[in-house]
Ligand SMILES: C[S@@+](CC[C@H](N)C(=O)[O-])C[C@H]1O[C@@H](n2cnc3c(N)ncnc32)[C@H](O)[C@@H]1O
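Starting off, we have a lone chain in the form predicted on its own, written out as structure tokens.
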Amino acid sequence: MAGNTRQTTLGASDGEITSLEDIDWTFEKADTSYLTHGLHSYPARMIPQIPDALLNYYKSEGIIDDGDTVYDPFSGSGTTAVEGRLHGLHAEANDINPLAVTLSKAKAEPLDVSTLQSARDDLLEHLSDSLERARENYEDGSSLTPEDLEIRDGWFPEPQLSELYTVSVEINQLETKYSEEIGRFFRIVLSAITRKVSYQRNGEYKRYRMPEEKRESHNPDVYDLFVTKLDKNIKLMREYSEQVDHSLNTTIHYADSRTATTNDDDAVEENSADIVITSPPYGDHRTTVAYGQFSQDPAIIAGGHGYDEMKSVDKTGLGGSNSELEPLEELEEWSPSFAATMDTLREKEGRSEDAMDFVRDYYEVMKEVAKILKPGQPSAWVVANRTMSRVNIPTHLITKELCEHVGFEYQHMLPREIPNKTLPWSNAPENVPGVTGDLMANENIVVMTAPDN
């Protein structure tokens, strides 16, 4: 199998493992951007070594096999889908962020590299001239305005914004000539450089602009950034495409995982997955990882999505303001750890309602996963313990207890440190300047097996 030919870090001296506890799950200094994992950044991304090790183990134990299906209810940038394909599995996933759906498909679906190279040559044959005309039009006062792109004022230099739009138009034409898959590959290249061209501060996943004095000297070369990233991504795709079975399927649903099996025209089939590997959000998008903010401008410019659509991503996430679910008081009966957390939050007059909203939505996903995963098959939930109102939220214990209430059987609690991840290490929970609280520095992998329905 292609996935087994790659060098992996399993923590056992001979490369063979007999238990998941044998693995050093921190994977410090491991390359987390190999193959198509390196096509595009994404906040709080699960490192590929985690699904790689899990899939190696469960295949070696005969619990999963070639041609089985791995499911991820929170696809993100497609880490699980890519590793599933590398291990000879079909991959299926959900995400409510359209940019995440695009990234997951582009990274997991192998392409014919000779066709990709031809498309590159076609695009670059006249791209430089097109960008030069866009710059001339801007200088003549006849360029595209930010409003035409639904981009908020003050986030991009000009004429670079017009040049980014020009690249997107050229990609549209390229997609018409070649295929949707080829167009998608070029769109994530454009998406990746969009944040570099913008005034977005490096290393931030929320929307923070660089200081005004730095904006004055910010003059990126759109053509050079695009070509450099395109050629790097083609190389990564070539290596990936050579390792995977092109006959396998990847299905990424632009749909809510809380209703995964009942989504109109885009449902996941019950009893269809042989293993689940996922990294749920640490909390509601508004106060933890703002995936929608990270994705907003790249999705609008590169993907043609609307401003309102992207603004709704964080509101639609677990615990978001757009959720239509009612509070579920029984959760405190089913999870003693959640009950103790809620008692502490109420004593402190903290954010108990926000905690309830998030865990209620999270529980709905657990119930859907129980329907999708075949009886007795494994699921791995990679979770971190955040703080709310300076109260530690034991997400690993809440996950274990609520999964057990659904009918899952507990197997392992595997701790790991987070050596490097695009996350803040502290925040200001009371919004008081200078007052901070610790956030996530470690994770736990909660391993359960599906109910025997």
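Bear in mind the structure is a predicted one, so any value in this text is a computation, not a measurement. We number the residues from 1 along the sequence you see.
This protein has a second form, the form predicted together with the named molecule, left out of what is shown; the following refers to that one.
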query: Ligand-site obstruction classification: the named molecule, superposed in the predicted bound form, backbone or C-beta within 2.4 Å; finding: open
query: Non-hydrogen atom contact residue 251 with the named molecule in the predicted bound form at 4.5 angstroms; finding: no
query: Contact of residue 378 with the named molecule in the predicted bound form (heavy atom, 4.5 Å); finding: no
query: Contact label in the predicted bound form: residue 298 to the named molecule, heavy atom within 4.5 Å; finding: no
query: Proximity of residue 168 to the named molecule in the predicted bound form, heavy atoms at 4.5 Å; finding: no
query: Options 298-306, 193-201, 337-345, 94-102; stretch whose heavy atom lies within 4.5 Å of the named molecule in the predicted bound form; finding: 94-102
query: Listed residue (288, 233, 279, 160) with a non-hydrogen atom within 4.5 angstroms of the named molecule in the predicted bound form; finding: 279
query: Contact residue in the predicted bound form, chosen from 396, 59, 416, 45 - any heavy atom within 4.5 Å of the named molecule; finding: 45
query: Interface residues of 237-272 toward the named molecule, as seen in the predicted bound form [heavy atoms, 4.5 Å]; finding: 255, 256, 257, 258
